[in-house]
Ligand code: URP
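Have a look below at one chain only, the form predicted alone, in structure tokens format.
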């Protein structure tokens, strides 16, 4: 017999509406939405005074990612568990091109992820070298359910493609119904500035930001938009971090270019000054934090609809991996940012965030009046689902959609930090922040997996999501 759950008396929030209604879950799907629903065989949950949101879709996470002789501290279980506690029920991870073929790389990554994932997940494919074999094999990606690729303008000698190769990748992606994602920084300038900084004895964390100038990101974003136009292919610029990039995105979209943009919470709140603190390594990620003016420009981009999504670029490391923390009753220590204590270029790049995204953005965006509740849902769930071929299965409250449902208490006050967040690491960027509004119950395909701070989920309960081809619709 199909298990049914009736959420009675809540206020539903979608990307376009906000209204009082009941929501009926039958099995793994949303069965009905309406006032005064009747379901005699359903378990009834009274959610009066609560909001009901679609589970968050994080379009940008890195789980179990090797880097600088260590590995990011959240694997596909711990990272997706943390996502669930924060109200996110779908994540999109990246497959490194670590094997001779795309197919072998995907198979190896899925073999690592599938037994561990605690929420549903999809994959993007990194294209970090370019030749005829890669070009031809890209045709297999849609067969594997992967309909997006990522290319880099930075990380010379490791991940970067040259502009002509990016142009070819864009055209090939267009032919195959794939969306191209772009890391926009100027790798050549970074290489020069890093070499100069080290030669002058500048080894502190703040030099990570000083050697990756904001104008390099602005210029690279414009170059990417121009390449997309010339290739007649859609482009999604990841982790936009400067006000200038928002200006570039607005300009490109006004000219009719098929370009979209994502930012991340860390770029809305923190600046280069955080990297100058004694614990500045905690804030090292690439691209780096910028200035208060950039924070403000990114907020405007969200408010005005210039930016389409908020992802996290979740890629945590221990601040001090020599000191164990307790995780699920066991001591865990993983080498982390202490590896670069004498050289900023050896500090693993990345910050935690997958569990923080919704609670922090709700307080700072919705409660403080920068975003409407509907914009919040669009940016964190509906738009990512639409852009990455998951809609209308994910990112929406509608009959027939997966019952990924979050019961949100708008009045719950939480002193946030590492003890509340469920990431497997030893710090949190938002330590001590006072938040208002928090997820109290989280359903994954109709199954209650987080209940008022209690974990009811398990490793392997998440499913791999084969995604639809990009339909040419640029939000």
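If you're wondering where the values come from, they're calculated on a predicted model, not measured in any experiment. Residue numbers count along the first chain shown, from 1.
Unshown form predicted together with the ligand; subsequent notes refer to it.
(message) Considering non-hydrogen atoms and a 4.5 Å limit, which listed residue (445, 50, 62, 424) is close to the ligand in the predicted complex?
(response) Looking at the other structure, the residue within range turns out to be 62.
(request) Have a look at 402, 74, 313, 356 for me and say which one sits with a heavy atom within 4.5 Å of the ligand in the predicted complex. (result) If I apply the 4.5 Å criterion carefully, the residue I get is 313.
(message) Just to confirm the contact call: exactly one of 343 to 351, 241 to 249, 297 to 305, 394 to 402 touches the ligand in the predicted complex at a 4.5 Å heavy atom cutoff, so which is it?
(response) Heavy atoms within 4.5 Å of the ligand in the predicted complex occur in 343 to 351.
(message) Test of understanding: in the predicted complex, would residue 286 fall inside 4.5 Å of the ligand by heavy atoms?
(response) Yes - in the predicted complex, heavy atoms of residue 286 and the ligand come within 4.5 Å of each other.
(message) Using a 4.5 angstroms cut-off on non-hydrogen atoms, would residue 270 count as touching the ligand in the predicted complex?
(response) No, no contact at 4.5 Å.
(request) Determine whether any heavy atom of residue 274 comes within 4.5 Å of a heavy atom of the ligand in the predicted complex, and answer yes or no. (result) Flag for residue 274 set to no.
(request) May I ask you to state whether residue 152 is within 4.5 Å of the ligand in the predicted complex, using heavy atom distances? (result) Yes, contact at 4.5 Å.
(request) Could you list which residues of 63 to 85 come within 4.5 Å of the ligand in the predicted complex, counting heavy atoms only? (result) Only 67 sits within 4.5 Å of the partner.
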